[in-house]
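Listed next as structure tokens is one chain, alone, in the form predicted on its own.
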């Protein structure tokens, strides 16, 4: 009779213990872990829980305090998180439009970030519902003054019905476009003709990019520019777009770094991919400064009272300090900080500048929104509202993206261009 094999140390039976039930990384014969696995559940539970509690606390403070201050804090955080989501949708659309090859290995993660658009629509409700009910705490144009001749001419656009219709168009289009790219990309993983699906997504990306540019511009006008309905700028939408793109790439880099710490995409996403993300962060840092200066210079040169008062508010009292901080923190420092090739190829230094850009981009949204209070001092008394709003929305954003990632591969494994993306090199 053959000797029975005795349990070894690796069998998990030592001292009567059960074998380990920790799931092994799923590779799908790809040679790399391309599924988030149990980490997705942890993200949903932790960030979703923190986000929900924080946002409920913010709403509770809003119901018991000053409605205008609550709405301004909420709008600041919302404009910040929406910029990241819409930046993701723009990036995914762009990759299909230009038939990009370097980014294929990253594309699914970008699609997951863009999948938060339905959440963005829900988070917009605390802004939309009071406006629809005629509350003018946030937008003074809600209560139309017939004696204001300037607003009389803007009334066909600035009215509640028109605003609600546009919001339905914005969020409906963003949700449909992001869902189309995501579902088609997933279908490609199972398709026998993946190249044909690439052609379909590229065909949709061209008109999609046009409508995305229009909806982004009008959404920036509706949610931010009309806080001061007498003020106008023809490039305000481009200004918001520039901040959206640089903040998205910063968040994108941080999420990829976190995924690799979880053991996913460790071989697939390389220094070369981070280098290109860093180049996009650098490029749109410069573009943001160019658009910001162009807007300021044209208004300063024209010297029209209906335009200059907007900057006058931001160059008075404590706001002029924040204006200087934005100039240095959102342009000068990241310009020199990201200029070197070596910084963009080092995960630690790139991660530092990614966090930096996200923080100063929030300050940029703060600078756009909070001066509506027409106070010389910074509203530091609203800090609890500010913090709970941004923590709540960020937590729910992560939870929504992780929820969509639970059962999908993190790489479009059947895209014919994937080998070129895996072998991508910067020169």
Partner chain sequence: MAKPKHNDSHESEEAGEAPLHGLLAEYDTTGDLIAASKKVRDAGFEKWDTFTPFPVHGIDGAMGIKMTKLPWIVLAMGLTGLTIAISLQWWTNAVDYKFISSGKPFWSIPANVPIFFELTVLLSAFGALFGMLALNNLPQPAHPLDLKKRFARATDDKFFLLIQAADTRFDETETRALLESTHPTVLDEVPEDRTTSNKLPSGLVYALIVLGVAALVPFAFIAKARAAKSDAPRIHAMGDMDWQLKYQAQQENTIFADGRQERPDVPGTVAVGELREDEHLYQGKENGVWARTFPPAIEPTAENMTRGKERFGIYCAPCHGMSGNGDGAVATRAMGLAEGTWIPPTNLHQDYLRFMPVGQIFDSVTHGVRNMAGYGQLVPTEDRWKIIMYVRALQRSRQTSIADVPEADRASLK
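Positions refer to the first chain, counted from 1. Fair warning: this is a prediction, and the values are worked out from it, not measured in the lab.
If you look for the form predicted in complex with the partner chain, you will not find it shown, but the lines that follow are about it.
In the model of the complex, the one of 152, 261, 341, 267 near the partner chain [non-hydrogen atom within 4.5 angstroms]: Contact residue from the list: 341.
Contact residue in the model of the complex, chosen from 157, 232, 182, 296 - any heavy atom within 4.5 Å of the partner chain: Contact check passes for 296.
Joint contact, 90, 102 and 307 to the partner chain in the model of the complex, by non-hydrogen atom at 4.5 Å: No residue of the spot touches the partner chain in the model of the complex.
The partner chain in the model of the complex: contacting segment from 239-247, 187-195, 299-307, 121-129, heavy atom within 4.5 Å: It is 299-307 that comes within 4.5 Å of the partner.
Close approach of residue 311 to the partner chain in the model of the complex, 4.5 Å, heavy atom: Contact check for residue 311: no, nothing within 4.5 Å of the partner chain in the model of the complex.
Distance check, residue 218 to the partner chain in the model of the complex, heavy atom within 4.5 Å: No - in the model of the complex, heavy atoms of residue 218 and the partner chain never come within 4.5 Å of each other.
Any non-hydrogen atom of residue 171 within 4.5 angstroms of the partner chain in the model of the complex: Flag for residue 171 set to no.
The partner chain contact in the model of the complex: residue 211, any heavy atom under 4.5 Å: Contact with the partner chain, no.
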